[in-house]
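Below sits a lone chain in structure tokens, taken as the form predicted on its own.
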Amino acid sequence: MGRLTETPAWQALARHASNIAPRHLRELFADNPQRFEQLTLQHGRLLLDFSKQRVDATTLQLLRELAATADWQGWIARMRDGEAINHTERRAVGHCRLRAGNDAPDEVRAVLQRMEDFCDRVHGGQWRGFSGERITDVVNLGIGGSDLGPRMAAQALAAYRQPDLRVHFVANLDSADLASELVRLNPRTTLFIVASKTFTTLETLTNARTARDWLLHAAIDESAVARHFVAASTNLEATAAFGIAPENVFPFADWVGGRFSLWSSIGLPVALAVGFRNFAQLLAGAHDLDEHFFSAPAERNLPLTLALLGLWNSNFLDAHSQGIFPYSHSLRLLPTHLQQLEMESNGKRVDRDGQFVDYSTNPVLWGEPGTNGQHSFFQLLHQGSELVACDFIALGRSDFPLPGHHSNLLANCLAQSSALAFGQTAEEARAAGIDEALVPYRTFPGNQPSTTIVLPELSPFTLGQLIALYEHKVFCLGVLWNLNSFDQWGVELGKQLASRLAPTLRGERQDEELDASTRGLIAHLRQFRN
């Protein structure tokens, strides 16, 4: 295809942006008393309010025309038909099949059944460690998609945790991450999950080998490894060499991308943490949102709408930063998960046709849970010089109810989105009795765009809906920007360089081809190794 920015749909949006960009949200609300009703979408009990976005009916119409030009529905069909839409790796993109219930492929349902049986054995006490004691702690060893999604989901569903099993997550290659966990654990009652598709990931395998040594220091007999290690992997030869029995390896297909792998056997720590029935509900919630995304027309499609708003803010309002603010302590890891999901997927500058793009792609994603963020960086949102698009996420009911807490939490969420949208004028500051010398400091420009997502409660089902909502937003943005959202060659480059530098740091080889800065840093760091 030709340049995206030269298409009639893009050009129409650019002309429209020059007219609507100067308008304030105060004006847009004053002009349309029905704005909330008209700019709100609902699927089941999931609500999407984008009335505080700097758009009007014409904006939305033009954005949907752009989506039609990009053939968003055709791309959905290609994904569902199993086409290799990840064209640089020649792979299909099939994470939706993992949560398709009875319509899932036979191999997916077989692995889920094995996961359920395994969880039942651990929870029921049939699976025991080398000393015959019950398993009390599970440690997931993974990184990237093998850590972020499961860690986030297990934390988000803390209210559903199994009472007699603690699940931990270790990802960092820094030994402080693993060591700080091991010092609190008992090798006789600890089970490790090694989550690595290839079973070659440097960080994960380094941690796994150290954990294996820790276990064998207590168990002595290497047969104990089979009682304390299982894997989510496809490399049966490597897992067997490690000491993991073949029946304790839970595979997943190559059409499951890392950042979309929560729904596969990579979700095993979540199933152990909250019980397999609740994990099944997580899958069901995602499948429910899948069906909505596949069938809803553009004007009622929640993921497409989120994507179109993201494109509008990035490409036509020049918002190069996206804040994610869940007003839920349990969802505090959601921004971290979404950082990988969005920035690894669409943080690219070459399109599907191999051309360098001439437009901004994915914004920088960041965030913290409310109300914590209000006491750190919200000052920048209210009075800084940058436009920052925001997503607020609120729960109708608390997952850990205590008198007086949740209503105050929700009040803060609504207050922040309102203040960011409407601000405070100098006249309003004076009317409130602010000293004239302080009026410039007490004036807030507002007009910061935001979307508010409301879940009725935080349950496995609604969490599945929420994650799938963002996954499909990422898919749509990739289609709109003409990107391959499913490879990550930038990540691979860093891995290659690290494997090259490690032996040089250990003094095992010299590498004269390194740049002067890296050579100098290696020389400086090697003095500390002894």
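Only a predicted model underlies this, so the values are computations on that prediction, with no experimental measurement involved. Each residue number is its position in the shown sequence, starting from 1.
We do not show the form predicted in complex with 6-O-phosphono-beta-D-fructofuranose (F6P), though everything after this point is about it.
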Given that 6-O-phosphono-beta-D-fructofuranose (F6P) is not shown alongside this chain, does G370 nevertheless sit within 4.5 Å of it in the predicted bound form, heavy atom to heavy atom?
no
With the partner left out of view, is S146 within 4.5 angstroms of 6-O-phosphono-beta-D-fructofuranose (F6P) in the predicted bound form by any non-hydrogen atom?
yes
Give a yes or no for N186: in the predicted bound form, does one of its heavy atoms lie within 4.5 Å of a heavy atom belonging to 6-O-phosphono-beta-D-fructofuranose (F6P)?
no
Although the partner isn't part of this model, could you tell me whether D290 comes within 4.5 Å of 6-O-phosphono-beta-D-fructofuranose (F6P) in the predicted bound form, counting any heavy atom of the residue?
no
Does each of S196, G258 and Q340 have at least one heavy atom within 4.5 Å of 6-O-phosphono-beta-D-fructofuranose (F6P) in the predicted bound form?
yes
Only one of V491, A57, L505, L497 comes within 4.5 Å of 6-O-phosphono-beta-D-fructofuranose (F6P) in the predicted bound form by heavy atoms, so just point that one out.
V491
Heavy atom within 4.5 Å of 6-O-phosphono-beta-D-fructofuranose (F6P) in the predicted bound form - residue from N207, Q322, T201, S417:
T201
To test your reading of this chain, name the stretch in 207 to 215, 424 to 432, 340 to 348, 299 to 307 whose heavy atoms come within 4.5 Å of 6-O-phosphono-beta-D-fructofuranose (F6P) in the predicted bound form.
340 to 348
